[in-house]
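Taking the form predicted alone, here's one chain by itself in structure tokens.
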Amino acid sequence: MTGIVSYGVYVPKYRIKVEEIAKVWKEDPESIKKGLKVNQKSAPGQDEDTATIAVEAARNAIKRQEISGEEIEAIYVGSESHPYAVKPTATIVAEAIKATPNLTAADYEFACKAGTAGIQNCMGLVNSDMAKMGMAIGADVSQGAPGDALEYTAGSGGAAYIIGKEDVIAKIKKTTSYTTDTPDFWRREGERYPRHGGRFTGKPGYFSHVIGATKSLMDKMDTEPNEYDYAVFHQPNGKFPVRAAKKLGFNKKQYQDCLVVNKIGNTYSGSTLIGLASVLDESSPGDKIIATSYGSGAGSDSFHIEVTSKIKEVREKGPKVNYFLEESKYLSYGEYARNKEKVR
């Protein structure tokens, strides 16, 4: 059965609090925290971008299962903040992990679900025996215009997943997708910052697709919410994943362990994958996980995952999500703006 062979996470150590951003724009921080359910977010260092984050996550994934980079025959990096408009991030990752040149590699872009799309592609290659193992990465140094609501949530971070058939720590038994042309969030060529439809991003965007994909998966697996030990959903803020979980019939015990948005914000393509990693860090053999991503524009990918006995020996060999959540250095708005190149 094709599944997750290893995983790795990387989140920059820098943080900026909601209060620090609100002070600059003369807004009420308590009202913002109440509305978004976010207290702070992660931010890149001056020398960090999507490529460096993807490389660190990839190295942590290889370290965790002690895999040689030469065994990776496919690499897909999903992001909406690739450092180059024309030049793949995936080849940078391949070079950094010393992957074989006999591999297929590409960059993906589908708002916040590009990383899970990469997992689906790796599954196809592995299932068809066109690749022994593939690596899918979701990483972003997400963007928010100065003074925009996104500035309070747009964080930085990523996760890498190695997909294969041998030494699987979690089987992926089924995946489904739900996709429509719903323009709730966009950034045209040449624009520095994305724009969004405000409240329009909720019901017709996030909720329609997350619920649609998750229900489709459960229908195909003939499962009910109470049969899952964990439920993981994309985290654009602290409210949406909780509301989606409740609408679908999941309880707090099932979804609370994946919620990291309060501490690091919305890491876009890394969001669902970091949430899944935090669950794998704590899961037990036999646990069932349902994970659903969301990308504006719009679509969701949903996965039925079952943890194997291999998880116990593998997850201790790499840094867990909590390591990155606890390590933090707080920035002033000026330092944050400098690191994000908001001031030029």
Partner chain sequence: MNIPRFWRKINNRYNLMGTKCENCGQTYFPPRNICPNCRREGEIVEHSFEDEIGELITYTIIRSAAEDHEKETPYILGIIELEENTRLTSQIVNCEIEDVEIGMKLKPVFRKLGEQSKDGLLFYGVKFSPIGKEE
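Small disclaimer: the values here were computed from a predicted structure and weren't measured. Residue numbers count along the first chain shown, from 1.
Keep in mind that the form predicted together with its partner chain is not shown, yet the notes after this line are about it.
The chain is drawn here without its partner chain; in the model of the complex, the stretch among 22-30, 289-297, 302-310, 41-49 whose residues come within 4.5 Å of it by any heavy atom is 41-49. For a residue to qualify, one of its non-hydrogen atoms must sit within 4.5 Å of its partner chain in the model of the complex; none of 7, 253 and 285 qualifies.
Although the partner is absent from this view, residue 13 contacts its partner chain in the model of the complex, with a non-hydrogen atom inside 4.5 angstroms. Looking at residue 198, you'd find every heavy atom of it more than 4.5 angstroms from its partner chain in the model of the complex. Its partner chain is not shown here, and in the model of the complex it never comes within 4.5 Å of any heavy atom of residue 193. Its partner chain in the model of the complex comes within 4.5 Å of no heavy atom belonging to residue 186. Residue in contact with its partner chain in the model of the complex (any heavy atom within 4.5 Å), chosen from 96, 145, 242, 123: 96. Along 103-134, a non-hydrogen atom within 4.5 Å of its partner chain in the model of the complex is carried by no residue at all.
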